[in-house]
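Below you'll find only one chain, the form predicted on its own, shown as structure tokens.
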């Protein structure tokens, strides 16, 4: 079978695989306003278990606001969020973490004076159940619990290939490595859904290639569902199973990377006619 025939044979299989996936999260008719400013208007889309779902659009399109709604930082004035089959009421970000939703941020949000190891250990905080007394004196259940959490963190450090900086204060690290540490901290929460807000921002080509590889590995080896905001269209088209496009707080397209790339509304609003 030649290459073209092989591609034609595999495309329906990929579509069938996407269609058969279980719905992890659904956004239904969500609107969000700040005073008289509409950040999100009547947006609906879903995220399927096991996929990489990209959310793209020009600056000010409402992408980060959408992530903030999903992880409970903002509460929409209209619409509903359904998580793992259950309609979700207002929650706080730490409750979203306990439900299995973790995220990284557009601007790195790490404890700059703490080491890489300690920053990643902070991601295990919600999983620690030992009594505060035992934690203070690192005794009994707290000691055993921390040893177990430390093992999980060391596994993540190995996975992301950051052994050499495990004791380095993150404030002394270059930006690309800080982004990788932030990803590690999110992974330490063992999320079902990982929200990545511009994980490639400010990176050079080599750093983007490394981060792309790690995102694919997280998805494929851990089975983690990923929702990704990213401006680099090459990255979006290479990594994503499906793409939803926002513009001025409204959804203008939703589909496979190929479908979105050829959508005239997307070309006009974001990619530019030259593309």
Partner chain sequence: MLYDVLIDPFVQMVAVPDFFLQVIWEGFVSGVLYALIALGFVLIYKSSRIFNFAQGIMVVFSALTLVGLHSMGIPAIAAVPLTLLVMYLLAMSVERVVLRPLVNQPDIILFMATIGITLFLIGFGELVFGGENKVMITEQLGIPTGAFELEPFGGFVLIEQKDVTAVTMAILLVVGLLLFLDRTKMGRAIRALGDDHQAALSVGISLSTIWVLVWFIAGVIALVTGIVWGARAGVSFALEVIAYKALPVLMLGGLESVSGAIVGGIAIGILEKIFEIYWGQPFLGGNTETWFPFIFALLVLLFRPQGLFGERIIERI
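Residue numbers count along the first chain shown, from 1. Remember, predicted model here, so these are calculated numbers, not experimental data.
From this point on, the text means the form predicted in complex with the partner chain, which you will not see here.
The partner is not drawn, yet in the model of the complex one stretch among 199 to 207, 173 to 181, 81 to 89, 101 to 109 has residues with heavy atoms inside 4.5 Å of the partner chain: 101 to 109. For the chain shown alone, residue 64 is a contact residue for the partner chain in the model of the complex, at least one non-hydrogen atom being within 4.5 angstroms. In the model of the complex, the partner chain sits within 4.5 Å of a heavy atom belonging to residue 68.
Contact check for residue 159: every heavy atom lies farther than 4.5 Å from the partner chain in the model of the complex. Of all the residues from 68 to 86, those having a non-hydrogen atom no more than 4.5 Å from the partner chain in the model of the complex are 68, 73, 74.
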